[in-house]
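First, one chain by itself in C-alpha cells, the form predicted alone.
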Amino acid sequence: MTKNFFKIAFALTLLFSGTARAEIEGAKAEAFVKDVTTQGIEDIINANVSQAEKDARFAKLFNEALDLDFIGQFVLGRNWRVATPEQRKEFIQVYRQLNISTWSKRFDEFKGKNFIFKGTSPSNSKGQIFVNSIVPMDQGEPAKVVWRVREKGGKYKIVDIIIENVSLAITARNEYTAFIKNNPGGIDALIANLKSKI
C-alpha cells in the first residue's frame, strides 16, 4: 500500500512538473511575440522618424525575430534537397530581402491597431508552439493572427504567421513549388523572379 502510494505520488509529481514546464515555455513564447509586436508598433509604426530609418529598424527587428533560414528552407520545400549549396545560399538571401522590402511597406497597415493575445496552442512539430492573437479592426470582427514560434537553444524565433487561417509560409511554398514545376529554369528562374520583385 505504502509503495503504491509513493509510486502514484511520484508519477503525479512528474506529470504536474511537466505541465508547469510546458506552461512556462508557452508563457515565454507569448512574451517573445508580445515584445516583437510592441517594438514594431512603438519603434517603427508610431515613431516620428524618416521612412529610411523605419526601414532600417524594421530590417533589424525582422532579422532578429524571424528564423529566415528555417523559413526559407521550408518554403522551398522538396526543391531544397536538389538545390546546390550556392542556390540555397542565394535563395535565402533573396527571400530575406524580398520579405523585408514587402513587409516594411505593409507594416503601416497596423497603425493604430493593437494585438490582443489569447494564450498558446500546442504544435505537432517538435520545439514549436502557436501563439494566438487577435487585432480589432475598424469594421467587422477582429482579425485572427496566429504566430508559429520555434524554440532552439533557449531562443525563440517566429517561423510562420497565420492570418485568418492562411499560412504565409505554406502559401509561399505552394507558389514557389508551382513556379519551379512550370518553369524550365527551375530554382535559378525562381531566384531571378524574386530578385525582380525587390
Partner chain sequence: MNKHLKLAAGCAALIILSACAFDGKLQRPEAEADPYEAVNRKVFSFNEGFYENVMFPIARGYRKVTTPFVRERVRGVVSNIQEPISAINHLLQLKFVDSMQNLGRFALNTTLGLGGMFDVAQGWNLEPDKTGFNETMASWCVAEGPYLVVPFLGASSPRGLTGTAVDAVADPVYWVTYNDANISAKVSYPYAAVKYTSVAEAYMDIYDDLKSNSVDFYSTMRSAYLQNQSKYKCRFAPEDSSQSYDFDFEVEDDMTDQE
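Positions refer to the first chain, counted from 1. Everything numeric in this text was worked out from a predicted model, so none of it was measured.
Heads up, the form predicted together with the partner chain isn't pictured, but that's what we're talking about next.
In the predicted bound form, the partner chain sits within 4.5 Å of a heavy atom of Ser167. In the predicted bound form, the partner chain sits within 4.5 Å of a heavy atom of Glu175. For Pro122, a non-hydrogen atom is located within 4.5 Å of the partner chain in the predicted bound form, even though that partner is not displayed.
A residue is said to contact a partner when one of its heavy atoms sits within 4.5 Å of a partner heavy atom; Phe117 fails this definition for the partner chain in the predicted bound form, lying far away. Scanning Val159, Ala65, Ala59, Ile41 against the partner chain in the predicted bound form with a 4.5 Å heavy atom cut-off leaves one residue, Val159. Annotation for 85-110: interface residues with the partner chain in the predicted bound form are Arg88, Ile92, Leu98, Thr102, Arg106 [heavy atom within 4.5 Å].
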